[in-house]
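Take a look at this one chain, the form predicted on its own, written out in structure tokens.
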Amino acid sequence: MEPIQVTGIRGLPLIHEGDNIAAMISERIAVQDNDILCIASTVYSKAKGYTKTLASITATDRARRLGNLNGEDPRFVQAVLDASSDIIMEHPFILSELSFGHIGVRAGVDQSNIEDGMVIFLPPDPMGAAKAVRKEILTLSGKDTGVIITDTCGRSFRRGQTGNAIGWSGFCAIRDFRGDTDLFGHVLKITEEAVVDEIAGFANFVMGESDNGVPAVLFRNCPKWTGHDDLYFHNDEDITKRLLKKEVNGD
């Protein structure tokens, strides 16, 4: 098996609404079939115009209450509420669920890597976004690559943020080992590896979190895997979400 190669794609300018991310990447690196391209959600959202100025946002009573509670601009809080399909926790920070199943702090609404006075939202359909970029790359290069849209998230029980996949296309999210045997012949019963998150996490390490200017990372020679796309827990499976909501609601 060839060694896995990881290449940060440098030289991309600051992204503005209307920019074609796929074309800009294709101009800077020659992709091959079965490569996996990771793209930061911030640059994808900026290119698609998923941004707002704080001045254009009017805070509701709830946003003002939560802003006072958490020490945040009520207009920013309103942006978070607007992006959320459900609020799981209000304090000491807002923990939100989004319509596509992702759960994250402040609904992934971001004020970094964008001009002052503006906020960036996560793509409303990250799976569709990954599929669209993959199709554009195929049209431009003739090569069939996989695509992951990434976002930086914290983790329960551990300090620090890592990259997570919020959208993907060209492969399944989970490598399913159930039914396989280990080195001692034991049948694996519960092992499901979140490969898309592992790749997204390493991509985030290459991208960096400040002024590195590497919003996309290319992986080459990743082994293929089989499994499924059922990455998010269903409501009846998600113990953490259920307990947090119970605590918030005082049940």
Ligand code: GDP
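Quick note: we count residues from 1 along the sequence shown, nothing fancier. From a predicted model like this one, the values you see are computed outputs, not experimental measurements.
Heads up, the form predicted together with guanosine-5'-diphosphate (GDP) isn't pictured, but that's what we're talking about next.
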Checking Val195, Leu66, Ile36, Val43 against guanosine-5'-diphosphate (GDP) in the predicted complex, the residue with a non-hydrogen atom inside 4.5 angstroms turns out to be Val43
From Ala59, Ile29, Cys222, Val214: within 4.5 Å of guanosine-5'-diphosphate (GDP) in the predicted complex by heavy atoms is Val214
(Q) in the predicted complex, does each of Leu12, Asp151 and Asn204 have a heavy atom within 4.5 Å of guanosine-5'-diphosphate (GDP)? (A) yes
Within 4.5 Å of guanosine-5'-diphosphate (GDP) in the predicted complex by heavy atoms, the stretch out of 151 to 159, 75 to 83, 138 to 146, 88 to 96 is 151 to 159
| said: When the contact criterion is heavy atoms within 4.5 Å, does Glu209 count as touching guanosine-5'-diphosphate (GDP) in the predicted complex? | reply: yes
Near guanosine-5'-diphosphate (GDP) in the predicted complex, with a heavy atom at 4.5 Å or closer, the residues from 107 to 127 are Asp110, Ser112, Asn113
